[in-house]
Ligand SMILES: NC(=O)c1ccc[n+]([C@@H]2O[C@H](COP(=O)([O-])OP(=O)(O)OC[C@H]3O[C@@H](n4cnc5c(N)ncnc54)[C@H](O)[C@@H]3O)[C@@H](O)[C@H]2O)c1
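The chain below stands alone, shown as structure tokens; this is the form predicted alone.
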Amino acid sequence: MKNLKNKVAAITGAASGIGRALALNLTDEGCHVAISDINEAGLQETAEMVRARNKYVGISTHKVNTADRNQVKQYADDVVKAHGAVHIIINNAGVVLVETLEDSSYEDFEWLMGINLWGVVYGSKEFLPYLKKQDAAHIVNISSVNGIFTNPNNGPYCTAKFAVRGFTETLAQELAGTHVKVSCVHPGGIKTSIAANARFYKASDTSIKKEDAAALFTLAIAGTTADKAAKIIIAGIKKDKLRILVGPDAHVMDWMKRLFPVGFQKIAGRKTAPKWLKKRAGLKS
């Protein structure tokens, strides 16, 4: 889909972070946007930013819990009613749970899977009938570098992101030869509020508390802005790329996992954060 002008893109999780940046950057392409989130205040802020950015594009806002299949189905119907069509669905909404798999409650695990996995499944399936009516359409599902390798105390998130990868790559195989293209996105560390908003119980390095973990992520790990991430994703959509790696760290870690599948997994599984990383984030060793 080389030309996004006058196309309609639906974006979940658009109240902040990558979702908001996608809405703004798609607006620059002349793309109409139908943004959704459960955070209505943040959603309205995004809408105001979009209108200020390009007054000629259409925008609609939708309060949607992506873990609720009926709400996602209604979202797809409402987008088409509001805009007349939909060409792109970007299943971006995501949350984080920091806890061991052993100690994660079923309720917390189900909460994360409902948004991070089922939200992607619902979004893909409910929008697909509308997408198939278009001459060109695209499904974009946000996985993670944690859909390539795992970290301790990040098991529910890794489980969901590996599943998103499997779902998306299979969907791409099944839709090969149709007008609907599919992309699986693997962001590395992106400067968003996802870490600060995590359900945090205990990190693998038990000396790190929630506020320390958020600082560590923001100052030492997240090296790519949400705006840059959005630009990379949109470039991937234009090139019909199946796999979109976001950020230099994503490329490095992808190759490390390919070259040293066992060794890199052991390194990623360290339960103590390196002293240099803590220092970079301004934390005590």
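A residue's number is simply how far along the shown sequence it sits, counting from 1. Bear in mind that the values here come from a model prediction, so they are computed numbers and not experimental data.
There is another form of this protein, the form predicted in complex with the named molecule, and it is not shown here; the text below is about that form.
Under a 4.5 angstroms heavy atom criterion, identify the one residue in 76, 93, 184, 97 near the named molecule in the predicted complex. Result of the distance check: 93.
Quick one: from 207, 197, 173, 105, grab the residue that has a heavy atom within 4.5 Å of the named molecule in the predicted complex. If I apply the 4.5 Å criterion carefully, the residue I get is 197.
Interface membership of residue 190, the named molecule in the predicted complex, 4.5 Å heavy atom rule: Result yes; residue 190 sits at the interface with the named molecule in the predicted complex.
Is residue 25 near the named molecule? Define near as a heavy atom within 4.5 Å, in the predicted complex. Looking in the predicted complex, residue contacts with the named molecule do not include residue 25, since no heavy atom lies within 4.5 Å.
Looking in the predicted complex, any heavy atom of residue 127 within 4.5 Å of the named molecule? Residue-level check for residue 127: no, no contact with the named molecule.
Does the 4.5 Å heavy atom contact test between residue 115 and the named molecule in the predicted complex come out positive? Although the named molecule is absent here, residue 115 would touch it in the predicted complex, with heavy atoms inside 4.5 Å.
The named molecule isn't shown here, but in the predicted complex, which of 237 to 245, 59 to 67, 26 to 34, 252 to 260 has heavy atoms within 4.5 Å of it? Result of the contact check: 59 to 67.
Heavy atom within 4.5 Å of the named molecule in the predicted complex: which residues of 20 to 43 qualify? 37, 38, 39 sit within 4.5 Å of the partner.
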